[in-house]
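Listed next as structure tokens is one chain, alone, in the form predicted alone.
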């Protein structure tokens, strides 16, 4: 196999944005690189982990932006650092790539801000020994050439900063000019907190992913709230229902860990999902009538469904959890709905697979699938629910059928074969 020219763009990508792809494309095109690797860090030695999304989500966002942006040929996600428990120093990554691809020519892409203090990195001499440093010049008009004597690197223009660093750490350095990008990852995180639209900076798919997973804007629930609600539910629910509730709560928390969703929020949804089950079905109907909670004909004919809508109401008005995501997840946890968000899926699945459930068709396979692909799991549960009702000549709620048809079409549109899971 002939040697390749490989560009390496590392970073936290927290989150990735279109400026990162500009850097990768410019390096690829200007230096004729065969590939540019995007290498997200796992444990960055110089980053505050408080606002760092899990590597699981940062990798997913990279894949989503690559799938949406044009002209990303030969720009590749490489998961070299994310699974390491050690601090991810660049010299280790470059050394690993050199050892495993000794015939290839490496180009390490670094931003203008970073090069100014490159000489203070851990073992920069190893990085320059194994790679050609491409320095991204964020503003191509910056060519003043300020002298370095007595001036700190952050006061120099980029060309002078390179000369300054090169004296300390010899190597091959080249400039790479790109059109300036107005937002950094930290700017994007701040914009999320202020409620601003970030889709132009990160693309529609990444923007939706951040919103769906509540990245960078997670909030927190007080442990006293959990304890208070648990005490109330234990008094109001039958013991078997209460044990089911705890099972759903803990399963929802486990799924949230898997899919990088706020664990406390998912567990609170699980804790409250059956809060209306302390009433009989007649009491639920009476309560809904008294509080102007409109019931559909389907709900009146199948009153076992009412607790979901009523539970959403009680969540806000009796248990003081006025969280639109939790309330919505509770409302749809029995029937599902088209375009379910991540918490909707987590609660719907957790309610089906929690450890106290027994004797359900292919339960082991569904439990395994739940931690691999939530959409496939939804299809399996919906299919088995509709088939169960059909076998017993029981009417399925129209929303359940609508949700089933929606996700069948959605999975097919995603190019996934569902024939084996719905036969």
Ligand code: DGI
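Small disclaimer: the values here were computed from a predicted structure and weren't measured. Numbering follows the first chain given and starts at 1.
Same protein, other form: the form predicted in complex with the ligand, not shown, and the subject of what follows.
Stretch-level contact analysis of 350-358, 363-371, 66-74, 30-38 against the ligand in the predicted bound form, using heavy atoms and a 4.5 Å limit, identifies 350-358. Taking a 4.5 Å heavy atom cutoff to the ligand in the predicted bound form, the contact residue among 284, 90, 334, 131 is 334. Though the ligand is absent from this view, in the predicted bound form it lies within 4.5 Å of a heavy atom of just one residue from 254, 160, 302, 191, which is 302. Taking the partner from elsewhere, residue 400 is found to have a heavy atom lying within 4.5 Å of the ligand in the predicted bound form. At least one heavy atom of residue 277 is located within 4.5 Å of the ligand in the predicted bound form. Though the partner is left out of this view, residue 307 does reach within 4.5 Å of the ligand in the predicted bound form, counting heavy atoms only. When contacts are judged by a 4.5 Å heavy atom cut-off, residue 377 does not count as touching the ligand in the predicted bound form. Judged against the ligand in the predicted bound form with a 4.5 angstroms heavy atom cut-off, the residues 244, 388 and 396 are in contact without exception.
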